[in-house]
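Single chain ahead, by itself, as structure tokens, in the form predicted on its own.
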Amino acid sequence: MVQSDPALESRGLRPLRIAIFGFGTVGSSVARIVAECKPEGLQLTHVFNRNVARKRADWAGPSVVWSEDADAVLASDADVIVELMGGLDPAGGFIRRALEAGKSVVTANKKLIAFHGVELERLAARHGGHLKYGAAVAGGIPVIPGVEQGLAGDRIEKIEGILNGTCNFILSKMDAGAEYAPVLAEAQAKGYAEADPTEDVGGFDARAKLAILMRLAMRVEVDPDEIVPRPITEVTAVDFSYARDLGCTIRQVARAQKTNGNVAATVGPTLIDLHSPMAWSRGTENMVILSGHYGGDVVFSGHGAGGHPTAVAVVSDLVALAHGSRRVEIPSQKAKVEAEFDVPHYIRFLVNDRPGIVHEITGALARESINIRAIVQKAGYPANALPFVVTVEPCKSSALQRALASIRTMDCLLEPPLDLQMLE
């Protein structure tokens, strides 16, 4: 039996009845906040989860219905479905059915929103419900509300961000001297990384979040699959050593830029100047820098991973719904994505040393009119496995790839060159 909220009754309102789908780390944190903080206007009525008996939590309240029957919960008197299962299916099917029934949905499902957000928003509008997903990007950092409301009056031309807390945790630990494999194991033990970490370390999670931000901030609707991510697994300890010599560190950066109607986007490990705000982001922190034509740069920063920060964003969306808030309708246009940035690059080579290597590399770069900024070689490495770095002045990504294609044919290379953009 749902109990009344006197404050709402005085205004002729009743609590918003909430059903949580998925009682994992984030779902249980949402329930904990609702139970402990008792936000005005919210009432948890249902929890759906497979094998729900092992999830049951008495602290959530005696009136909560715990169920393994998704159909029964969708057909219940719940006003809002809070989807925290993740992935495209079956979560997408549950969300569509809820919206078709006139219910509202709050979700943290960045993959579903990146690929199907526009379709789902239209479905919600047709049936009188609302779709809110403030937790889908940057965890507990209010980036999406900030874009929708605080920056709606500006024309955002560039997005740069650290959007994956797992990668930031790994790379900031490697920056301090740790190796990749034990740090990944630590991230998995702490619950920051899945048993299969590919979505995070491969850049696919950050790609989905970038696509959402591009639609809301830059007003362009893109196919996330057109953004080709690069994994952080290519980065080694020697790259951090060379980066420090260059006054930089390395982070997974998601970038998008709109110039003269052309849209470029990329996700991958990137050299960041130590004076950049993004170099200060450590552990599971996220950071987003939005560059507006009129308002300049706006920075959002905070914890981007973990149950509690994400749950804060979910509950904030629920409170907004309970008090009559609705999403700002932001028009967007379909756009094709390219990866053509005009930026400096860091290129690390691992070679079996012989005369003429630098001459061949500089020749390949010169044929594409690419200027060298510096050549850096540390002492102490054997000649048969010698790492060294070439940095180049800003150049078109396509031109550099043509040069690297030629360089990869050199017989001295022990592995393909590692090419990282440099963020200045």
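Bear in mind that the values here come from a model prediction, so they are computed numbers and not experimental data. Start at 1 with the first residue shown and count on from there.
The following text describes the form predicted in complex with another copy of the chain, which does not appear among the structures shown.
The partner is not drawn, yet in the predicted bound form one stretch among 179-187, 201-209, 153-161, 350-358 has residues with heavy atoms inside 4.5 Å of another copy of the chain: 153-161. Among heavy atoms of residue 37, some come within 4.5 Å of another copy of the chain in the predicted bound form. The closest non-hydrogen atom of residue 325 lies within 4.5 Å of another copy of the chain in the predicted bound form. Proximity of residue 118 to another copy of the chain in the predicted bound form: non-hydrogen atoms within 4.5 Å are absent; the residue sits far from the partner.
For residue 173, no non-hydrogen atom is located within 4.5 Å of another copy of the chain in the predicted bound form, even though that partner is not displayed.
Taking 111, 132, 251, 255 one by one, only a single residue has any non-hydrogen atom within 4.5 Å of another copy of the chain in the predicted bound form, and it is 132. This chain is displayed alone, yet in the predicted bound form one of 60, 399, 386, 33 has a heavy atom within 4.5 Å of another copy of the chain; that residue is 33.
Proximity to another copy of the chain in the predicted bound form holds for all of 142, 302 and 309, with the criterion being a heavy atom within 4.5 Å.
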